[in-house]
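For reference, the chain that follows is the form predicted on its own, supplied as structure tokens.
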């Protein structure tokens, strides 16, 4: 490890790396609001973006996607890919330590991979992409795939949190959940669930000069109006998922900057054909089409989001690889919806249950209430249940939600493969409640296809097929609104609503 020395210059505390540059010592406390309490800080089990945004601050993966969307080295300094695309040789960074002082080595990678493939791991499929790992030496591992997978490094960067073998074996899974340890820029201090999550800067972090704040406090604030008040009064430094109205109200607030950007996220109502939806009218494609035609998404976006959003025609947004603009959203046509229901044998409608999470997404409870109303107008009588998001996602992972349930899925890779696999992967995927063999066949092809043009062609086929055979009521792609204190510097959220805080600093 490099030796760090400290000294004071012109009233500033700085750090001098022996043989290296000069960097500012971490200073100040950054306060970040979450829209719900994370279900877990361990990336193997994190259910949503709140969990990953909080959890990843503690960990590193082998590689990382930078702010420009490019893959960069992280715990792996460099790598080589075999000509057939099935073997990745990763050359690991030396001198890295976990927060407990344990050395990071090839054994850490092998142990983390084996752990990530455990039977109860939520994101096991992301680790299962790699079928074997060889330890070549203390700082080299070789990853073996059954078939080329062009998104491997991106999946590794978002899901493979490397953990310390010795510490985890000492404290057990329960102990690790209570006090997680990684190699990341921040170290865990405490977690008072429902109140606050506190981290401190890792003094031995391997990236010189990072992190730049001494302390990070995450606070779960489910109500967007409360988040708005917290940034307005100076209680929080970063708040996200504000409504359009709340963002507008903050635009002239002193010391607050409002950020608006389109997100690579799709909102939807799932048709469940694996468990609770079996044998119900929603197994009929005509019924599913009718339910799409019954919902006026333009009106919902206008009323609840002041027009800040767009109806989606499927599980694709315009920035995604293979997006086909000729596949149009269903639109609003209740007469056509009733005709399709009659054609399917349900002229008098039917009864069905719908569930949705509370506090997770801006205005989503109201969206689901509006959908309930629109469906009732064509004879579909919906019982809507709203529940706390942690409980909701637990039931979703267990496939115990009702025949209809609402959620959203973002993507980070610039193409929708993760979103499609995650929601349409049948029993193979934790949060999927739908299976269609034709969709599965196309996803299997695209997942092993290195050529982007060929992948794009299959994506276009998928969009057309999923319009005729909708697994969802397609809702909207949102604009998202965040508010940031002007004392926060170098904060850059991404289209997937994730962020990396190691470069963020605070004006004192």
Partner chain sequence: MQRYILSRLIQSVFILFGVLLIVFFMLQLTGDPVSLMISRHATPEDVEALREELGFNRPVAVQFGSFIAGAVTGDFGKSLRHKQPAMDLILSRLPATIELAATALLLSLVLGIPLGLVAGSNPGSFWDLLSRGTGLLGQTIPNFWLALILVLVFSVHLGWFPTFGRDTWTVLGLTLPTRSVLLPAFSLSLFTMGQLVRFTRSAVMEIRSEDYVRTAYSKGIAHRKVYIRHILRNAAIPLISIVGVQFGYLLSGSIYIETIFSWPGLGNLLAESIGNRDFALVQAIAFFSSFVVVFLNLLTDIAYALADPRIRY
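Numbering follows the first chain given and starts at 1. What we label the rigid core is the largest C-alpha set whose atoms superpose within 1.5 Å from one form to the other. All values reported here derive from a predicted model rather than from experimental measurement.
Keep in mind that the form predicted in complex with its partner chain is not shown, yet the notes after this line are about it.
Proximity to its partner chain in the model of the complex, defined as a heavy atom within 4.5 Å, holds among 123, 88, 271, 267 only for 123. The contact residue chosen from 157, 108, 243, 429 relative to its partner chain in the model of the complex is 429, the criterion being a non-hydrogen atom within 4.5 angstroms. The three residues 26, 205 and 207 each lack any heavy atom within 4.5 Å of its partner chain in the model of the complex.
With the partner left out here, its partner chain still marks one of 378-386, 99-107, 415-423, 338-346 in the model of the complex; by a 4.5 Å heavy atom cut-off that stretch is 415-423. Although the partner is absent here, residue 132 sits far enough away that none of its heavy atoms falls within 4.5 Å of its partner chain in the model of the complex. Using a 4.5 angstroms limit between non-hydrogen atoms, residue 219 touches its partner chain in the model of the complex. Within 4.5 Å of some heavy atom of its partner chain in the model of the complex lies at least one heavy atom of residue 37. Taking the partner from the other structure, its partner chain in the model of the complex has a heavy atom within 4.5 Å of a heavy atom of residue 194. Heavy atoms closer than or equal to 4.5 Å to its partner chain in the model of the complex belong, across 224-244, to the residues 225, 226, 229, 230, 232, 233, 235, 236, ordered by sequence position. Residue 161 is not among the residues whose C-alpha shifts by 2 Å or more between this form and the one not shown once the rigid core is aligned; its shift stays under 2 Å.
After superposing the rigid core, the Cα of residue 239 is displaced by less than 2 Å between this form and the one not shown.
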